[in-house]
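Given next, in structure tokens, is a single chain: the form predicted on its own.
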């Protein structure tokens, strides 16, 4: 059974009906992990025996009449999400052997439904980045062109067929850009829809937990399972009385898709052509296309990084070698802090901590941070206004093709890769990345953005429109 060519529902049905056991499925999956991980560097840790035991337990529940909607489905978990069986490194070598006492809420929900965790996936330094280039274990290679980055190790795992679902975090766009670069689908949900319990967030205001899968149909199959109120995450209080879904079914109602013409001027010609074709494809499917204006994308990127750096400075303060992390050897307290933080925080995390402290310092707080908060509110108003004129919004996901694994990239250039994703993060709206086409055999993805709790509409539209021209690995 080739996981890339089927659906979550079909695989779970096969396990429940005895066509294949969960143990057989996971055993085959783990063998694929060993073969593919060597060349791509997807995993920080592979479950092995633990995954096999999970699978056997699922087979036993099925024999006893248990109904598991995700029976035997192999999933991966990004290594900034806690999992009480495998080490959770947070993207720091200092935590490479840390076993969390808790498991992230999303992972718990999926496992209760019968999913099996096969490994923890690679990520940037303390989860800060959208390329994995700053990972202490080295970058994850793109399955389509191994000399380029995957953007997200979870997306690489899905694209290669190692797993069917990848649980990932997304702050400035890591999940969405990874899906774009690897030719798969990735959903960043509405603020408060999915619990963040168990996520190590460097910027709490924007960090979300989402799902990457080979198709929109596979994401649809787990959305209700991971959604809902969780008393351990106050943001999910919006779901306490149920989720106010906005559902428009393609074909039953006219759906208008907003096309921000000037936004595509920031792309290279070959990338812009992909989105012009995607726009025409939507029109050919019967969707109405409306030209709109988004004038604050550049300011949104700047505001995002000011706020994210400030929050990183605050969130990193706990990694002092006393409360969290390894304690450095030193002859006095000050040197102990220096040694501990140098070991825990990599270059990118230290950079963000320093910049964030500067932005929050006296004289700079009002000059930068307060102004960024004003831009944040303007971004929310702009997206809300646009989505009153149309049902969905179409945007690029990544400004460039995936970065080369070798070669120097300035941190400002790397931050600029979030140009189209960071403003969406500020808006709080749900965003779905789906394949839009290819440039030089490298997948290019687009974002569909909708009003709060319109994920099912996004997924329905995404299912009818793609994947486009993704070819085969």
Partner chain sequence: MDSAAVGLEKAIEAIKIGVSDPERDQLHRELDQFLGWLEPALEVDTGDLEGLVFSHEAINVLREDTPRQSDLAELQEAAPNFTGGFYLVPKIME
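Numbering follows the first chain given and starts at 1. All values reported here derive from a predicted model rather than from experimental measurement.
Below, we turn to the form predicted together with its partner chain, even though it does not appear here.
Partner contacts here mean any heavy atom within 4.5 Å of its partner chain in the predicted bound form, and among 302 to 310, 148 to 156, 161 to 169, 281 to 289 they occur only in 302 to 310.
Judged against its partner chain in the predicted bound form with a 4.5 angstroms heavy atom cut-off, the residues 205, 359 and 378 are in contact without exception. When its partner chain is considered in the predicted bound form, only one residue from 225, 267, 238, 255 comes within 4.5 Å through any heavy atom, namely 238. In the predicted bound form, none of the heavy atoms of residue 37 sits within 4.5 Å of a heavy atom of its partner chain. In the predicted bound form, no heavy atom of residue 242 sits within 4.5 Å of its partner chain. Within 4.5 Å of any heavy atom of its partner chain in the predicted bound form lies no heavy atom of residue 142. In the predicted bound form, its partner chain sits within 4.5 Å of a heavy atom of residue 323. For the partner-free chain shown, 367, 368, 371, 373, 374, 375, 376, 377, 378 of 365 to 379 come within 4.5 angstroms of its partner chain in the predicted bound form, judged by any non-hydrogen atom.
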